[in-house]
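Shown next as structure tokens: one chain only, the form predicted alone.
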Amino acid sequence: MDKSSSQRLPPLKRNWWLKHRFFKLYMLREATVLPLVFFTLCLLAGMVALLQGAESWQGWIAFMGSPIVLLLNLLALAASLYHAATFFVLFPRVMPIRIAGHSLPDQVIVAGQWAGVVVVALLFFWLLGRG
């Protein structure tokens, strides 16, 4: 074994990523999963409550209406929008779209993704309004 392969770098401190903006934003993006886990568990609990009957369902509705749960669900919405925004910005770099041999500009691809979100949201609200 030569000298260079036996040498090791000193271990990183736990907060090494706090010194760089890029890594702070990356960690924030990765942390968006936490409120989404809460939201998913709430939906799962709602499905279980629905299966258990009307009394259980009403208890779940009351739980979902509490201020802390509403706040956490708003946080989950903000986290998912932040996650989508960062994904949409990265998408053209990962998978550029070519039409007739020409690459679409990144802004067009990102705008198309947000347009898709708006269309799906409008469809969702239209379907809810019909019921």
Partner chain sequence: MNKIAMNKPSMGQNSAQHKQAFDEPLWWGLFSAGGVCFAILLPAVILFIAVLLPLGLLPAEELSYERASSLLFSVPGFLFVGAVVCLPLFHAAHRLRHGMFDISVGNDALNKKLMYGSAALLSLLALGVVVAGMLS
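Note that the coordinates shown come from a computational prediction; the quantities given were computed from them, not determined experimentally. Residue numbers count along the first chain shown, from 1.
Omitted here: the form predicted in complex with its partner chain. The next part is about that form.
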| item | value |
| --- | --- |
| Non-hydrogen atom contact Ala121 with its partner chain in the predicted complex at 4.5 angstroms | yes |
| Contact flag, Ser103 vs its partner chain in the predicted complex, heavy atom cut 4.5 Å | no |
| Exercise: Lys19 in contact with its partner chain in the predicted complex, heavy atom 4.5 Å | no |
| Interface membership of Leu70, its partner chain in the predicted complex, 4.5 Å heavy atom rule | yes |
| Residues in 46-61 close to its partner chain in the predicted complex, defined by a heavy atom within 4.5 Å, in order | Met47, Val48, Leu50, Leu51, Gly53, Ala54, Trp57, Trp60, Ile61 |
